[in-house]
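A single chain comes next, written as structure tokens; it is the form predicted on its own.
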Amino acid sequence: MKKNTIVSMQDIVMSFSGNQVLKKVNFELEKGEVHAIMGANGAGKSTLIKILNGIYHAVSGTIIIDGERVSINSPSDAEKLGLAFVHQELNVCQDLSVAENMYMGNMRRTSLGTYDKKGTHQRAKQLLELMGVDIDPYVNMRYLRTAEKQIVEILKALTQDAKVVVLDEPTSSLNEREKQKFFEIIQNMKDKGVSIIFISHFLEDIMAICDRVTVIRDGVNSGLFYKGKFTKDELVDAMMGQKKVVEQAKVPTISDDAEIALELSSLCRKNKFKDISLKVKKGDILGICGLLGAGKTELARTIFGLDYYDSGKIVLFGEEIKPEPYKMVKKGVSLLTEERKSEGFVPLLSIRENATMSILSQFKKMFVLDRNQQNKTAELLANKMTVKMSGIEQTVGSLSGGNQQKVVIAKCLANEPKLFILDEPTRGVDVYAKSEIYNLLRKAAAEGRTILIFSSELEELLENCSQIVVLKKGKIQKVVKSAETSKNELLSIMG
């Protein structure tokens, strides 16, 4: 172990219900470096970090912090050792303000020792401005979108006097502008000697910000890479264990006389979006993007009927409709929500139960559930989505974040939707699994299904969509053809 090593995890072994998920994994973090941990979904990345945070307790292995062997039995032990964590699944207090979440346990005090609300919120406002994000520090967390909550969680870690900050998929809901600002803050932290563990599936982010990369595959170390001395393909090979050919996406081509599947006319919702008019043809894949606050998620939820709209009209398959979720499901519409944890699945139910939740009526015979048929369908869906699992009876809450996302997509696809609305569909999903999801979506489009992708990943939209609608401050700024547009041009339009 080097002199400037601040964290050393040696021969870490971890098992769940007899299933060994970490097999003598080693990891070292030096002072003032950004060290990435990469791996496919279910490789053991988050498990390793939860051991460092005291959420899980390793079967065996050694943890050394600042040269001293330590026992971390709880998150409070980790905090005392100078470790701050931002987990992939966000943990926020919904009924406290943004500022109170950011400074929880570290709020400003008056000279009398009481809570200084004004001072705490002023400090929060300064940090939010530094990030370049327009979020009111006084607003309650429950009124924020997932991306905004993620930013608050990141800033919360920055408010702690931490020697090590651990970031699990920190950029998964950030757009390009927010990422660049975030990277500037990371660089400032590095300059001050703070060490950062960066867990991500975004290869571009890893190559831009990280000094070293440790790859874990199936619970074992699979490679250690140094900045400037590796390629994207080498990282993917180390993660997957063999060369995986990622198919080049083919943008769908739709004829001019194709049937209109969905039409929005002058759709308005106060303070969210205004005068949204667009037509989506049957078999098309249409992308929608925009900066934080552009109205992207709000529009997706409104089309499905989860949120209201003030004026305008929605025409679905030639019929004007006032959307309500149960109506939309009956008419062949599925929504993949951005809020995976709170709205996408039931954590304590099994993969079998979650994946087949939307089609239970198919398995009923004389009011009795045909478990054999349900099992076969669940197995088929899980295998189609390459869910890494011990079996279909494993609870979805015990899966990695990326595998949870695969189960949610499987549940949506089970209903064989005619219109599939996806909000941030590949959040937390590894690079190869992304390509498999894209293939499934393109195949569905080729079969005549219509797909709307609401995403902050511009490459995702450019590779898979025929056209991209750019939203800005709740209005359509421009509609562009993917084949004729670059990422930089999209950024320019969004900004």
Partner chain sequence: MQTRLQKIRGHLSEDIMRFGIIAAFLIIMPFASEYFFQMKNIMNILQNISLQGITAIGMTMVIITGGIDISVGGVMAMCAWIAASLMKSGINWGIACLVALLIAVLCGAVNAFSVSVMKIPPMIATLAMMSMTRGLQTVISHGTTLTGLPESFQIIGQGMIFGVIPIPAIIVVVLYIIASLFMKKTVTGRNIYIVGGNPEAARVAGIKNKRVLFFSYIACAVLATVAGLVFVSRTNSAPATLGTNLEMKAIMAAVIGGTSVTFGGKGKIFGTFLGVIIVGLISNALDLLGVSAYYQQFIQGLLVLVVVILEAIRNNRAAKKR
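Residue numbers count along the first chain shown, from 1. The term rigid core refers to the maximal set of C-alpha atoms that superpose within 1.5 Å between the two forms. The structure displayed is predicted, hence computed values, not measured ones.
The same protein also exists as the form predicted together with its partner chain; that form is not shown, yet it is the one meant from here on.
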Answer with yes or no whether residue 398 is in contact with its partner chain in the predicted complex, where contact means some heavy atom within 4.5 Å. yes
Could you tell me if residue 177 has a non-hydrogen atom within 4.5 Å of its partner chain in the predicted complex? no
Decide whether residue 335 counts as a contact residue for its partner chain in the predicted complex under a heavy atom distance cut-off of 4.5 Å. yes
Just checking whether residue 346 would be counted as a contact of its partner chain in the predicted complex - the rule being heavy atoms within 4.5 angstroms. yes
Decide if the three candidate residues 341, 361 and 364 all line its partner chain in the predicted complex, where lining means a heavy atom within 4.5 Å. yes
In terms of non-hydrogen atoms within 4.5 angstroms, which of the given stretches 199 to 207, 136 to 144, 326 to 334, 215 to 223 touches its partner chain in the predicted complex? 326 to 334
Contact residue in the predicted complex, from 156, 121, 149, 411 (heavy atom within 4.5 Å of its partner chain): 411
By the heavy atom within 4.5 Å rule, which residue out of 47, 426, 464, 41 makes contact with its partner chain in the predicted complex? 47
Can you name the residues of 304 to 325 that have a heavy atom within 4.5 Å of its partner chain in the predicted complex? 304, 305, 306, 325
Does the C-alpha of residue 361 move 2 Å or more between the shown form and the other one once the rigid core is lined up? yes
